[in-house]
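Quick heads-up: it's one chain on its own, the form predicted on its own, in structure tokens.
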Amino acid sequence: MQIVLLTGFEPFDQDPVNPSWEAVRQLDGVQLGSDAQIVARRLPCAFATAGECLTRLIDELRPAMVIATGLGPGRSDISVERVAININDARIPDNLGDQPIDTAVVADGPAAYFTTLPIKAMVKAVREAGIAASVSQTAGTFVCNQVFYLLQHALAGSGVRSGFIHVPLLPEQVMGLQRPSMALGAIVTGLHAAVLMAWQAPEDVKDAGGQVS
């Protein structure tokens, strides 16, 4: 049985929950056909330790595919990321109080890494499941982007496909606020559709997924 590693983050910025982990944990143990199974794990929201934790999980589990997920406050859909950039520029401190500004994720590393997942096929699958989804052109510059970059850096040339997905806030996190959200059940359904397609699709589709600005 092959393993698809699916990660989410612990809560941060004084929030009691992180939708990425709340959704991912519900998919732990889910079969992807007869040959693969999802293994869900939680990452710390800290620049100093998130990458170490991810590397340890990859070494321990030897996954055939890795998809990291994180919270994207302000996003209204399941956002499948295209590119990770080699920059940390934290608007707020992480859970250890660190706030790196304009530092490299990997010194002398490439400026960016593209995902190796079939992102447009994944977006199409999520939409066909009745959940809003899109290709995202930026994973930000906080711990999510750092983990995405470190993931692609660690697996570059290995043949193990990998990438990152952002999810919206939960409705209970935005009560009284004019901010987009998505029900947990919808996030779980959308992530399951995305991961299943990522595992099954040998190559991406040619649907439009870009942005004008």
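All residue numbers are counted from 1 along the displayed sequence. In this text, all values refer to a predicted model and were calculated from it rather than measured experimentally.
The same protein also exists as the form predicted in complex with pyroglutamic acid (PCA); that form is not shown, yet it is the one meant from here on.
For this session: Choose from 121 to 129, 107 to 115, 83 to 91, 67 to 75 the stretch whose residues reach within 4.5 Å of pyroglutamic acid (PCA) in the predicted bound form, heavy atoms counted.
Result: Only one stretch passes the 4.5 Å heavy-atom test: 67 to 75.
For this session: Give a yes or no for residue 12: in the predicted bound form, does one of its heavy atoms lie within 4.5 Å of a heavy atom belonging to pyroglutamic acid (PCA)?
Result: Result yes; residue 12 sits at the interface with pyroglutamic acid (PCA) in the predicted bound form.
Exercise. With the partner left out of view, is residue 133 within 4.5 angstroms of pyroglutamic acid (PCA) in the predicted bound form by any non-hydrogen atom?
Worked result: Residue 133: no, not in contact with pyroglutamic acid (PCA) in the predicted bound form.
For this session: Give a yes or no for residue 150: in the predicted bound form, does one of its heavy atoms lie within 4.5 Å of a heavy atom belonging to pyroglutamic acid (PCA)?
Result: It does not: once pyroglutamic acid (PCA) is placed as it appears in the predicted bound form, residue 150 has no heavy atom within 4.5 Å of it.
Problem set entry | 4.5 Å heavy atom contact, residue 54 to pyroglutamic acid (PCA) in the predicted bound form | Judged by the heavy-atom cut-off of 4.5 Å, residue 54 is well away from pyroglutamic acid (PCA) in the predicted bound form.
Exercise. Tell me, which of 187, 38, 169, 144 has a heavy atom within 4.5 angstroms of pyroglutamic acid (PCA) in the predicted bound form?
Worked result: Checking each option against pyroglutamic acid (PCA) in the predicted bound form, the one that comes within 4.5 Å is 144.
Exercise. Within 13 to 27, which residues come within 4.5 Å of pyroglutamic acid (PCA) in the predicted bound form, counting heavy atoms only?
Worked result: Residues within 4.5 Å: 18, 20.
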